[in-house]
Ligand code: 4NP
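To begin, one chain is listed below as C-alpha cells, in the form predicted alone.
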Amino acid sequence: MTNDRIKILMVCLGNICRSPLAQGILQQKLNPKKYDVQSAGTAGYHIGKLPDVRSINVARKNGIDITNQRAAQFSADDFDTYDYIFAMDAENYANIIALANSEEQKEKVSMILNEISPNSNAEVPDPYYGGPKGFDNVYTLLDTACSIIATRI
C-alpha cells in the first residue's frame, strides 16, 4: 500500500529552514496512509542534521513536531520517486530543473507560492539570517500554500 501513496517533496537550499517547515505543515494536513511528504535541499551543507532550532520552535509553537526530520540532498533520482516537487525559491527551482532529464520530470516541479498566487513565481524568503519574525512569516506563507495543496491534491 505504501507504493500507492502520493509522494511530495519540499525543496530549499540547505533543508534546515523552509523545506522542513513545509514538510511538517503539509504532513499535518494530509492523511499519512495516502500521502508521503518529505523534504530536501539542493545543497549538501547540512546532510543528516536536524532542522534549524528556529524552524523547530516555530513549528512547535503551531503544534507541529519536526524533530524527527534530518536534512537530505536533492538528487536526480528524486524525479522518479516523487509525484510533486515544490521549490521554495527561483534559485532552487533552477537547480532542480537543471537535473531533470525530460519534460515529464520538469512538469513535476513548481514554485510553492504559485499555489497562493498562480504564475507569480513569488519566493519564500530564506529566514536563516533574519530574526524570529522571519520564521513566523515563512510559517504563515507555507501554511497558506500547504492548505491549498492539501485541498487540490
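All of these numbers come straight from a predicted model, not from anything done at the bench. The first residue of the shown sequence is 1; numbering continues from there.
Keep in mind the form predicted in complex with ligand 4NP is missing from the figure; the text below concerns it.
Interface membership of D126, defined by any non-hydrogen atom within 4.5 Å of ligand 4NP in the predicted complex, is confirmed. Taking non-hydrogen atoms only, L13 approaches ligand 4NP to within 4.5 angstroms in the predicted complex. At a distance threshold of 4.5 angstroms between non-hydrogen atoms, C17 is in contact with ligand 4NP in the predicted complex.
Residue contact with ligand 4NP in the predicted complex: K108 places no heavy atom within 4.5 Å of it.
Shown alone, this chain has one stretch from 61-69, 115-123, 98-106, 39-47 that lies within 4.5 Å of ligand 4NP in the predicted complex by heavy atoms: 39-47. Along 133-147, no residue reaches a heavy atom to within 4.5 Å of ligand 4NP in the predicted complex.
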